[in-house]
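Let's start with one chain on its own, the form predicted on its own, as structure tokens.
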């Protein structure tokens, strides 16, 4: 418990410092929030246009898919606010040798490297995602609240969040060997883009192998699909939930091991 309390105190300090830094440039902060709002508006308008011409997309109704979008937006907001900028900055730490100062601190390296800065400008994305999900549930006449479904949604959403964080950590760990790892962000955006598509779009025979690969090798399709299906469609397939739990454990273990191995391969600025 003392160790947990220590890390919590440090993290609260990170939060305060990040907020003070962000508010030092208020115009930039407000512009970034405006851009995020604009992007969400464009996304919603795009899907509204699609649903004005069809009853469903890959067997997802308008209300169900709206919940799907909100779920994706909330998860993306959490990752972007808490971890993305820190992981993206890892390349610069390695290149400049500033990683030395992190490694000398009496604290877990993964914790301080991936959580030091909070991007407050993307934090409203979480609220927007929650608002979209609540609206989607409210306008869906077929949906009724069930505590079991809600708890399973929370559990599977947490698993999806953990898988996404672990994938991001594995990408940033490669910066130790590939100093200018520009492809890291490209792979990340590809992964996050694939997350927002229903896995049913890969049910056709020619695309089945792609769907299999994105479910069992790089499980991008299960991150949002399983939590959203559990909550809005009342679909709870035991094997899907079991696979998501297995993926969560595997990705947590693999990302931690890869990160630690990457640090052993790091040569400081003085080397």
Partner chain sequence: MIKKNQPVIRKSWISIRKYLNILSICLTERMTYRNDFILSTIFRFLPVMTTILLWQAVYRSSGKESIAGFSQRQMIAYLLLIHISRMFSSMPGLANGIAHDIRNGTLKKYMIQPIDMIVFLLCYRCAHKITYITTSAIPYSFLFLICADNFDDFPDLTILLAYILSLLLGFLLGFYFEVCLGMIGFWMLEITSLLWIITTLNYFISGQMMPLNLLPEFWRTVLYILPFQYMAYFPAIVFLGKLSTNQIICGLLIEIGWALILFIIAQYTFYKGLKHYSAFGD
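Numbering follows the first chain given and starts at 1. From a predicted model like this one, the values you see are computed outputs, not experimental measurements.
Here the subject shifts to the form predicted together with its partner chain, a form of this protein not shown in this document.
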Interface stretch in the predicted bound form with its partner chain - options 192-200, 81-89, 148-156, 95-103, non-hydrogen atom within 4.5 Å: 192-200
Residue 34, heavy atom within 4.5 angstroms of its partner chain in the predicted bound form: yes
Residue contact check: residue 246 to its partner chain in the predicted bound form, 4.5 Å heavy atom: no
Interface membership of residue 187, its partner chain in the predicted bound form, 4.5 Å heavy atom rule: yes
Contact flag, residue 39 vs its partner chain in the predicted bound form, heavy atom cut 4.5 Å: yes
Heavy atom within 4.5 Å of its partner chain in the predicted bound form - residue from 241, 66, 220, 57: 57
